[in-house]
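The chain below stands alone and is given as structure tokens, in the form predicted alone.
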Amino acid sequence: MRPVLLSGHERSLNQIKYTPDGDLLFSVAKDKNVCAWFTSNGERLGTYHGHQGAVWTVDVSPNTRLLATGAADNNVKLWNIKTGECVKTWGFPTAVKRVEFSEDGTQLLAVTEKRMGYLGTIVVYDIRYGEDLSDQTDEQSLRIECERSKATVAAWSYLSKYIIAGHEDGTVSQYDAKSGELLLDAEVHDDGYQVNDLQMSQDRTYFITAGKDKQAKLVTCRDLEILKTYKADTPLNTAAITPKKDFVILGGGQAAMDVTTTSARQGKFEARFYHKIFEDEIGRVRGHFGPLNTIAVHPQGTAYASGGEDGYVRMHAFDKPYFDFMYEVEREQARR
């Protein structure tokens, strides 16, 4: 698979996201810029300027009208995707590490950092899509304070029933999305090893987590039951589930300061493909010169992109052997 290399950032990537139909890819990094790219040829569509610090997180509304970003300047910004203008800014006392629209796009959650006497929180805003996109509320519709261990990532489950959050101590929590009540707590990763990423399956009934303990886990939304465990030999920063094929893609790598030799091979900077059901590693894609910080899969399952510490986004379109690959068991089922 020959990658398309997107170079629009001067510093390491934090998160990338496809639009729901997959024609655009958005990337955010530690350099204040939010970039939009065409996925067909890797051309840059534009840049959204406005943040005054590292941009940690990005998400696209399901109708592709709004873009949400969260940054180290303690702000969440809403952008009109078409015009590139910032239509709303919400300020917080600390940095914002994760934003995500609900399945129907009517709500936006934001995860804030625990700093300087402030507890880490998960807040929710109601989003309006009227003629004037800047007509947004200042009131939070929900606020969850994480007293025991700060949330690092969060996402909406199916039908926006629960908010699922991953924490610094390796646990995953399930909150009622209407009341904010804590319903379940599960020790998903080893104690004290942070959950670095949490991505939902397409139907939002289960999700994958990536942890500092070198493991990724497939977990159900309903009762936080661990279905599968994928073991790697390096701390994981990101994990994604592929539609169409039963695979998951994991990314990570040791931080530069922990690596004694700087060759790309030593740092283990590859995207790793595992079989979702059988938990076997089936392949790796090399290319980055630093840890992979974020992976996103095309909504149709035809491609994936990765963003690394090296400041590059690499877009890969899957070729025929990827779709043809099957285990003997799967072949037999297909024959039936």
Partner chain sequence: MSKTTSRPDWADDVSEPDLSDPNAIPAPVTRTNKDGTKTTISYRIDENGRRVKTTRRTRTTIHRERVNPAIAERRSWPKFGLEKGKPKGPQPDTTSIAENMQFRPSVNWKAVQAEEAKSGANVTSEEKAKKDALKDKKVKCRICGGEHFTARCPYKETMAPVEEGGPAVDPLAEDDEKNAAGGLGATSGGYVPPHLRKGGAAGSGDRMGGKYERDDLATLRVTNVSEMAEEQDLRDMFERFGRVTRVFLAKDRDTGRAKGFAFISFVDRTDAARACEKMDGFGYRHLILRVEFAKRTT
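This one's a predicted model, so the numbers in the text were calculated from it and none came from an experiment. Residue numbers count along the first chain shown, from 1.
One more form of this protein, predicted together with the partner chain, exists but is not displayed; see below.
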- Candidate spot G105, D203 and I241, all three touching the partner chain in the predicted bound form (heavy atom, 4.5 Å): no
- Task: Name the stretch: of 147-155, 116-124, 216-224, 78-86, exactly one has residues whose heavy atoms fall within 4.5 Å of the partner chain in the predicted bound form.
- Result: 78-86
- Task: With heavy atoms only and a cut-off of 4.5 Å, decide whether S7 touches the partner chain in the predicted bound form.
- Result: yes
- Task: Determine whether any heavy atom of T302 comes within 4.5 Å of a heavy atom of the partner chain in the predicted bound form, and answer yes or no.
- Result: no
- Query: Hey, in the predicted bound form, is T47 touching the partner chain, heavy atoms inside 4.5 Å?
  - Reply: yes
- Determine whether any heavy atom of R335 comes within 4.5 Å of a heavy atom of the partner chain in the predicted bound form, and answer yes or no. no
- Any residue of 271-290 with a heavy atom within 4.5 Å of the partner chain in the predicted bound form counts; write them all down in order. F273, E281, I282, G283, R284, V285, R286
